[in-house]
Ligand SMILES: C[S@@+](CC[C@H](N)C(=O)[O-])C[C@H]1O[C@@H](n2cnc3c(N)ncnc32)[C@H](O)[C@@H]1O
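Given as structure tokens, the chain that follows is alone and in the form predicted alone.
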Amino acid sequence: MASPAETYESYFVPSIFAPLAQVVLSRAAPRPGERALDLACGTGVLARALAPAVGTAGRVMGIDLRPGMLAVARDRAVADGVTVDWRQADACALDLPAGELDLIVCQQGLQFFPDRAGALRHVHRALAPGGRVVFACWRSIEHQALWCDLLEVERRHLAALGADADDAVAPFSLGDAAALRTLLSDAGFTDVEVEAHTLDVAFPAAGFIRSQYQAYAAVMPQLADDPDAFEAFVAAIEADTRALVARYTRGGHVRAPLHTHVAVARR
């Protein structure tokens, strides 16, 4: 059976994170020779795309807290023939030399940091003068039609996992553009711009609910601490969402928009 990180790579990356990486890269505009960091890199799709952009004269680092994600990232980098310096580290205690980097990117990670302001201060310090950052954070749950509808079902079953709605909405917990802009400005960044972007995502309809939660367990492992409880949870959600999933299914795929903010700023 695939690990949560492997499911994350095979399920979420093609539908969500690879297309989003292209959006982030277009705003980051990496140049040959630059020193770049993918913060909270997950299974490394953005770092792997950065590597050829900065070329052999540059370098790319990928940092994540979870060793399972980094293991998949390393394997995929080898398969893709790219070189990335993968490191396990906590973004809230980032220990990099001052001025070490020209570019730092982070897609859908900042909202999970327990000390967002502290992490951004570390990021600011690690950038060279004139360096830039690009952060992508999902807009709040009320903007995400499918996931908002799913949450109404989840609320009835999360307690069985010792979880609550806060766990389910964590990916959407930094959805306010003004709050994101203020976080970056307060950390010392300038020329802060926040723009909205929409991804039209599609997942295979077969096994949609199970794959969603197996992949989500890669970033929220507490949901799967008790395998039996997790299986019962997934089965209950599948039973209660058949009509909902059918409503979003067209051509054998579950289709829905995902709305994100992309913030760009300079040191």
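Nothing here was measured: the structure is a model prediction, and the numbers come from that model. Throughout, we count residues from 1 along the sequence that is shown.
What follows is about the form predicted in complex with the ligand, which we do not show.
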Non-hydrogen atom within 4.5 Å of the ligand in the predicted bound form for each of Ala40, Leu65 and Gln108: yes
Based on heavy atom distances of at most 4.5 Å to the ligand in the predicted bound form, which listed stretch, 188 to 196, 82 to 90, 96 to 104, 159 to 167, is the contact stretch? 82 to 90
Any non-hydrogen atom of Val60 within 4.5 angstroms of the ligand in the predicted bound form: no
Looking at the partner-bound form in the predicted bound form, is Trp147 within 4.5 Å of the ligand by any heavy atom? no
Does Pro114 make contact with the ligand in the predicted bound form, using a 4.5 Å heavy atom cut-off? yes
Proximity of Val219 to the ligand in the predicted bound form, heavy atoms at 4.5 Å: yes
Quick one: name the residues from 5 to 23 with any non-hydrogen atom within 4.5 angstroms of the ligand in the predicted bound form. Tyr8, Phe17
